[in-house]
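Only one chain comes next, encoded as structure tokens, the form predicted on its own.
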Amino acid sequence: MSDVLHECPPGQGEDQVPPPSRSALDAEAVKVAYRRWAGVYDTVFGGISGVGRRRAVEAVNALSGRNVLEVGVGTGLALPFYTQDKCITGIDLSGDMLARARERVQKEHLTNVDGLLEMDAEETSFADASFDIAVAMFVASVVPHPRKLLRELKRVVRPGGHILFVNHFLAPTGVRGAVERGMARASRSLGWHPDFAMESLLPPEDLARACIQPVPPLGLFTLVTLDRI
């Protein structure tokens, strides 16, 4: 997790500061990795990431606005937790994960899910200002260009709307940080970056005004809320 933790202040800009270097991970590597994970994802990651997903959905449910874009919807683990007044569109790069999400929607009769689409989060086909809220769950450390993801979410969310991320971020120091940097060599196999720094996603202007909250267990994940100005 980043060493910067604030509550919720008032600022925008683009990425003038280059993000920290990370292991290369392209879209095809992500697809291959998540094709392997699809069948066991809920079992392996569902538990440890469950609190983060529920916290993110709780935050979305508390915000005004109906049309919600969930980026990296995966197998649809978060979908049952949205309130009925939210209309959810989910996107993911993995068709294998989306197939399981569609099964979940049918099995649990989730009538507020408007669509589940295979799409690149860095370059979607949505019109400008299509959504009131965008929430990206555990996807910022997966995409090849996190700042491009942020710019795309700013494009598709209307001014006055909200952008949320829940993610694991690199511990800047200590044993955990050393372990995460050591694991970075396995990024392509894992399908995500263990050494992902918050500064790789948020330029200084956005970092200064974001609401940043640690999420259990043990602050391993972080919820970031950014108003679209």
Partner chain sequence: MLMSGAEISPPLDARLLSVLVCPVTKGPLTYDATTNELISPQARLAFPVRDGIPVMLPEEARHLEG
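Residue numbers count along the first chain shown, from 1. Given the structure is predicted, the values throughout are model-derived calculations rather than measurements.
Just so you know, the form predicted together with the partner chain exists too; it's not on screen, but the next bit is about it.
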Flag this candidate site as yes only if Asp114, Asp120 and Ser130 all have a heavy atom within 4.5 Å of the partner chain in the predicted complex; otherwise mark no.
yes
Could you confirm whether Thr89 comes within 4.5 Å of the partner chain in the predicted complex, counting heavy atoms only?
yes
Please run the contact check for Val105 against the partner chain in the predicted complex: heavy atoms, 4.5 angstroms, yes or no?
yes
Though only this chain appears here, would Thr83 touch the partner chain in the predicted complex if you measure heavy atom gaps against 4.5 Å?
no
May I ask you to check whether Asn67 falls inside a 4.5 Å heavy atom distance of the partner chain in the predicted complex?
yes
Just to be sure I understand the contacts: of Leu77, Leu150, Val139, Leu93, which is the one whose heavy atoms reach within 4.5 angstroms of the partner chain in the predicted complex?
Leu93
